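Given next, in structure tokens, is a single chain: the form predicted on its own.
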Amino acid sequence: MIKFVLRRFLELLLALFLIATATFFLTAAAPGDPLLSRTLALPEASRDAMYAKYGLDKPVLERYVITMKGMLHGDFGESVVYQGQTLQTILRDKLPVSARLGLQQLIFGVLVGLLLGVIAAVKRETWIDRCIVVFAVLMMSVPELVLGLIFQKYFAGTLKLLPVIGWPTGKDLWFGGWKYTILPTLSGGLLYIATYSRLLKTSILDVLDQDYILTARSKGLSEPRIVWSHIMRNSMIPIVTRLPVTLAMCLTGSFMIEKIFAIPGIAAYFVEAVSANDLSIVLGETVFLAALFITVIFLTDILYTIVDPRIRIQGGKR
């Protein structure tokens, strides 16, 4: 187990290094000059000083070495577009907004999805099962952008029940301003409902056909014990595998939802940074998101071996 964890940790560091390297050279090769519009009217001396401030006067390879050294200390440099802003300040201001939105979508979507998945599996081949399947397929087919615009039109526009745009700030950032969060939460949460209801239903039906379920029933075990000790535990393996990745995705925000509801989250800011060729912020956010996803996958591999005792680490024993 220790060798497995150490090996995966080293692979994590190597993956981050390769991602950071690829991102740096891709952004450096991208057309456009992020300082051109800001320095066009400046004297030549001031223009040169501005380029020197951000290190854009140096050759690409020298900039790469400087950037990698700074990355080891968590320093990706100052934003070229927004003076005084760094990756740390942007994450501090923007990430909590995306995190609250994503967590609300996740909690709502996963809980309802798992409930519908169980109901669909128990009531299989009935009208209830068919309705849940149709609902899931429909929600997976409709983009969250379309759902958000529909909710805005009818719930905010026609019925005037909820605000069209906005997000709680200040002391209400985490536990206030609920009326602003309902429509964005529904827009993204419905996809989670569809995904997890279908996933759990399929997993439960697969487990029900296993021989060990028939054996448990033949031994006279009570149905509740069979359900919770055998069916649900083994059915949750795909959920445990997928849930951490979903959590990482929801924490990083959704550009479409943040854009149409004017939510000042990290996803919308990232797209703006790419459009403005804000090199240091693009690199910093890419590495941060990559580290988040790779860490989650690493933890998922470990969780997988805990949830399913049939899985072995290479050369290991139960």
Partner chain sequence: MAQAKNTAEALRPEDFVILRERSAPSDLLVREPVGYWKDAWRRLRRNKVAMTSLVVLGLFLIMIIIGPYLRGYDYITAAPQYKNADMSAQFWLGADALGRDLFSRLWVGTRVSFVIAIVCTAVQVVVGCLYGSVMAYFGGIVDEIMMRILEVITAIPSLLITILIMIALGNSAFSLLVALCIASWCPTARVVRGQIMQLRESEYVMAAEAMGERPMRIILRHLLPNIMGILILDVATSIPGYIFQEAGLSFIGLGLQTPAISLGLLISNGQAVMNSHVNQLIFPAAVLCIMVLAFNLLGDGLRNALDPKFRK
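Residue numbers count along the first chain shown, from 1. Just so it is clear, the structure is predicted and the values come from calculations on it, not from any experiment.
Although it is not shown, the form predicted in complex with the partner chain is what the next lines describe.
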Taking the partner chain as it sits in the predicted bound form, is residue 198 in contact with it (heavy atom to heavy atom, 4.5 Å or less)? yes
Determine whether any heavy atom of residue 18 comes within 4.5 Å of a heavy atom of the partner chain in the predicted bound form, and answer yes or no. yes
Using 4.5 Å between non-hydrogen atoms, is residue 209 touching the partner chain in the predicted bound form? yes
Does residue 130 make contact with the partner chain in the predicted bound form, using a 4.5 Å heavy atom cut-off? no
Would you mind picking out the stretch of 112-120, 99-107, 235-243, 134-142 that comes within 4.5 angstroms of the partner chain in the predicted bound form, counting non-hydrogen atoms? 134-142
Ok, 203, 152, 86, 181: which has a heavy atom sitting within 4.5 Å of the partner chain in the predicted bound form? 152
Taking the partner chain in the predicted bound form, which residues of 263-284 have any heavy atom within 4.5 Å of it? 270, 271, 274, 282
